[in-house]
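The chain below stands alone, shown as structure tokens; this is the form predicted on its own.
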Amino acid sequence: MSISPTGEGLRRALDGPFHDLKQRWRDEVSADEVVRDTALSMEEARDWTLDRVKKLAQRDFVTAGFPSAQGGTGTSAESVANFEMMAMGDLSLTIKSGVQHGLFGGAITNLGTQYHHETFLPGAINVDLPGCFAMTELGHGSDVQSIETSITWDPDTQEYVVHSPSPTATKAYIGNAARDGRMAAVFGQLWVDDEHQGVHVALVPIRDEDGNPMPGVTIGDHGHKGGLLGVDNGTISFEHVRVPRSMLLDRYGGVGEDGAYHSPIESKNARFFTMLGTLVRGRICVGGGAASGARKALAIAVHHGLNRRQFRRAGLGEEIPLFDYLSHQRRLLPHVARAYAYGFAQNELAQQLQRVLDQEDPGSPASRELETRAAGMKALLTRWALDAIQEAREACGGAGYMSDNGITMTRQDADIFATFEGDNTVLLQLVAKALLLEYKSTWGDMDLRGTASKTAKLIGGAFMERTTARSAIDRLVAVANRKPESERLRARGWHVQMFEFRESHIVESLAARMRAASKQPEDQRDAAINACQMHMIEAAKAHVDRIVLEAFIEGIEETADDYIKAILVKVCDLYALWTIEQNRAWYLEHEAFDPKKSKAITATVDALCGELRPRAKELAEGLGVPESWQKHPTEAVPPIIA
């Protein structure tokens, strides 16, 4: 389906280095292949999802990120782009593939050896071996280090014994578990000769060829959920289930042929975080997938706003399009601007992922930085996506509530994105911790008290090092500083300075509070540190806001078409000023600007919405969602997109 030249230019810019890959999806994948009928029952949705994942795998649309020798067809960065495109169709399909290829297949790829690659990856890639990623337990979600499942080495039989020692050790919310999975990558505490070696992963068959649970394996079905009906989430528990020695994914540690435990990483904590760090792609994908769902909802809502008319102009008989009202522009265009900002930042994050993987050093500072950024981006993107989808639904009125108009299913399915691959609140505290501490040792070695006691080792100015577009940003800041005060609101250099001021001030004041907490009496220290948690969350948000703005500026710099670049500059201004406006209470409290300028910021946001209104259609096209994917097989009454 054709789009305007401006929409095409914006789409190319936002796709960035992944344009050809994403365009292949648009050109070759029909709506029937990725858009689920809302009328399907849970079992029918599960059937449809499994069928579509297999067909996409056969056509090499979801096979990037694996070794080419086993059937991989692209880089890990490209696998993120594939995930984002799939999410514009159906999020159940996206998560089904994410579990199969990103988590189960990713665990084999990143934690296994050549033997595991050759033996299990072909089936994982083509879905002949449906698999599960069995990490979360009923008793432990975010706290993976404390999971209860045990993996115990039996030297007499040369086997590992996988066991769930209590009801809370039951693996829970596991995709592919309830119906389709045949094998699980099971996370558990490894014991060798009565010595604890920390969390490891074993491949455990959970069903036989007829689909029946294997001996010692108990499987449950979570049934109907608040969304993602096409994904068969379930529970798994193990009663002394034995697997051969070769089934441990032992790239970073396992029992050798001599019966002794060996690992290239001596520290258990360092080993644990190295293993988890290799799985960071899943977290990056979840943020990008949620953002794609928001893009879809926003594209639908913009279409509706341009075509729906309400109330008449005075003296004329013509009704007014919703998008001519400032209030409607204000509802949607700032979210569209944020979609562009996050899109450019997500492109940079995917490329950073690839650079880190190419280094083949999972314990490097670059790897730690990637984990921090992935955590922060996932938290902010998923939170924003839920807000943007809801705003899009409301902006479409009653029509937006009709399932077949494409928004409500996306809203239901995206809900859980704020929780899986890391609870957002926990992830933001992880980011704040990284901002405060030098990476001279693994941050996971420190509990709350360790964090407080080591805040004297602040990174100082280092945490403010600009992430991308350094020379361009320095130039923009210099230009902004030369402008008179009255002209600075639209100077991107001033926006950067405001973002940097907010981050540096919040982090520095947090560090001071943490230092003070570390000096409290022993019985008061934990409470003092706990009181800093909300401060930590704000520090993380400020940090991610800054790196997103820098990525947006970099994306503009890399845009060759001057006309498209000029539009993107206004979109970037809207993103930056809306973000400042949303945090203006903080800026006013810290005297970054006065109430008069605060009012001017709001007026400028209004003005930018008005200036971008004539380009609303093209901006929606630039989000990259094929129009045929924006509606469901059964036409809604009334249809938003006919």
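Please read these numbers as outputs of a predicted model, since none were measured by experiment. Sequential numbering from 1, following the sequence displayed.
Only in words, not in the display: the form predicted together with a small molecule, which the text now covers.
> Counting only non-hydrogen atoms, which stretch in 469-477, 167-175, 392-400, 304-312 is within 4.5 Å of the small molecule in the model of the complex?
Contact-bearing stretch, as computed: 167-175.
> Find out whether any non-hydrogen atom of A297 is located within 4.5 angstroms of the small molecule in the model of the complex, and reply yes or no.
Close contact is absent here: in the model of the complex, A297 is far from the small molecule, nothing within 4.5 Å, heavy atoms only.
> Looking in the model of the complex, any heavy atom of F420 within 4.5 Å of the small molecule?
Close contact exists here: in the model of the complex, F420 approaches the small molecule to within 4.5 Å, heavy atoms only.
> Taking any heavy atom pair closer than or equal to 4.5 Å as contact, tell me whether Q429 reaches the small molecule in the model of the complex.
Contact check for Q429: yes, within 4.5 Å of the small molecule in the model of the complex.
> Closest heavy atom of F133 to the small molecule in the model of the complex, within 4.5 Å or not?
Yes, F133 lies within 4.5 Å of the small molecule in the model of the complex.
> Looking at T425, Q497, N269, Q158 here, can you tell me which has any non-hydrogen atom within 4.5 angstroms of the small molecule in the model of the complex?
Among T425, Q497, N269, Q158, a heavy atom within 4.5 Å of the small molecule in the model of the complex occurs only for T425.
> Tell me, out of S92, N233, S237, N347, which residue has a non-hydrogen atom within 4.5 angstroms of the small molecule in the model of the complex.
Contact residue from the list: N233.
> State yes only if every one of V99, K225 and I416 has a non-hydrogen atom within 4.5 Å of the small molecule in the model of the complex; otherwise state no.
Spot residues vs the small molecule: full contact, yes.
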